[in-house]
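Taking the form predicted alone, here's one chain by itself in structure tokens.
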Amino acid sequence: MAPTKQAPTRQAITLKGSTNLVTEFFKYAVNTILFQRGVYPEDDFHMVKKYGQTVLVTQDLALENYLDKILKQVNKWLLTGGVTQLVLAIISKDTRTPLERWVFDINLVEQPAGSSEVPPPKPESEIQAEIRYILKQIVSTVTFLPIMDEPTVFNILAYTSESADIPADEWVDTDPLAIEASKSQQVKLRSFSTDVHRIEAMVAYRYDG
């Protein structure tokens, strides 16, 4: 009699696995924003398949190296709970005026209080679908964000906990690059979560109307 086969039990995602997913998401989100908002020329990007869809990734070597360096540090901070928010700020190259702030809040998923039952692990397909929705939403923001008809640059800000280990030669305290409240509009984007992290996204933009 042949032994019966049991369906494999889905494992809850580990801290390391979740950290890698969040880091990877941030990589593709930044690339999508830089492409959609015209911070870098279209020719600097090439198409790759990710999350069941086509996404654009830079092939500018200097930008790629810069992002890789940042993402390695973000990955370390995520593992130790040292980062609470990541911000991509788009700034006027000439006037240094902040035009957009793409904000990604990073929270730890809390288990339901007073419950002895552990919630079932979240399927990776569901996590990828949530990430896919956010990236599609970033693409669709061009329908309402103001057209930027001037040269722009960007900066990535990391908000860290007091206990976070910060490499002094790579990260410095900086201006938050906030947009004047009276000229700022905000749009909340979708979120995604793993068994460990929850990422809330929003964009604030300068509005001179």
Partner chain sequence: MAFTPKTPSRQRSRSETKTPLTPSMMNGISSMSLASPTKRQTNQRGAIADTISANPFISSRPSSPVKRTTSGALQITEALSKQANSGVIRKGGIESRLDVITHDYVPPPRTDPKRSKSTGTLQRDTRDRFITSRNADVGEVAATLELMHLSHSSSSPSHTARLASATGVPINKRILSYHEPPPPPSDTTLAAQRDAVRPLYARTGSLPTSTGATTNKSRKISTQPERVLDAPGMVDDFYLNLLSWSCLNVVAVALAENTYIWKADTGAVTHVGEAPEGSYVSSVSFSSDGMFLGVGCGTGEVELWDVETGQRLRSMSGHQGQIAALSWNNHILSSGCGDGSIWHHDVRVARHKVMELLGHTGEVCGLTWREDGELLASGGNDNVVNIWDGRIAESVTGSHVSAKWTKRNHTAAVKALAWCPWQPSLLASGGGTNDATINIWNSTTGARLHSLATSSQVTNIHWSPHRKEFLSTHGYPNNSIMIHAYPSMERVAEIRDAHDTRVLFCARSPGGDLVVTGAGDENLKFWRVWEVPKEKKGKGREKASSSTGILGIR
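Numbering follows the first chain given and starts at 1. The structure displayed is predicted, hence computed values, not measured ones.
If you look for the form predicted in complex with the partner chain, you will not find it shown, but the lines that follow are about it.
| said: Counting heavy atoms only and using a 4.5 Å cut-off, do 156, 171 and 187 all touch the partner chain in the predicted bound form? | reply: Heavy-atom distance to the partner chain in the predicted bound form: all three under 4.5 Å.
| Should residue 60 be classed as touching the partner chain in the predicted bound form when contacts are defined as heavy atoms within 4.5 Å? | Answer yes; at least one heavy atom of residue 60 falls within 4.5 Å of the partner chain in the predicted bound form.
| is_contact(residue 94, the partner chain) in the predicted bound form, heavy atom dist at most 4.5 Å | Heavy-atom contact with the partner chain at 4.5 Å: absent for residue 94.
| task | Tell me, yes or no, whether residue 28 is in contact with the partner chain in the predicted bound form, where a contact means a heavy atom of each within 4.5 Å. | result | Close contact is absent here: in the predicted bound form, residue 28 is far from the partner chain, nothing within 4.5 Å, heavy atoms only.
| Might residue 54 be said to contact the partner chain in the predicted bound form, defining contact as any heavy atom within 4.5 Å? | Residue 54: no, not in contact with the partner chain in the predicted bound form.
| query | Going by heavy atoms, what in 121 to 142 lies within 4.5 angstroms of the partner chain in the predicted bound form? | reply | Going through 121 to 142 in order - heavy atoms within 4.5 Å of the partner chain in the predicted bound form - there are no hits.
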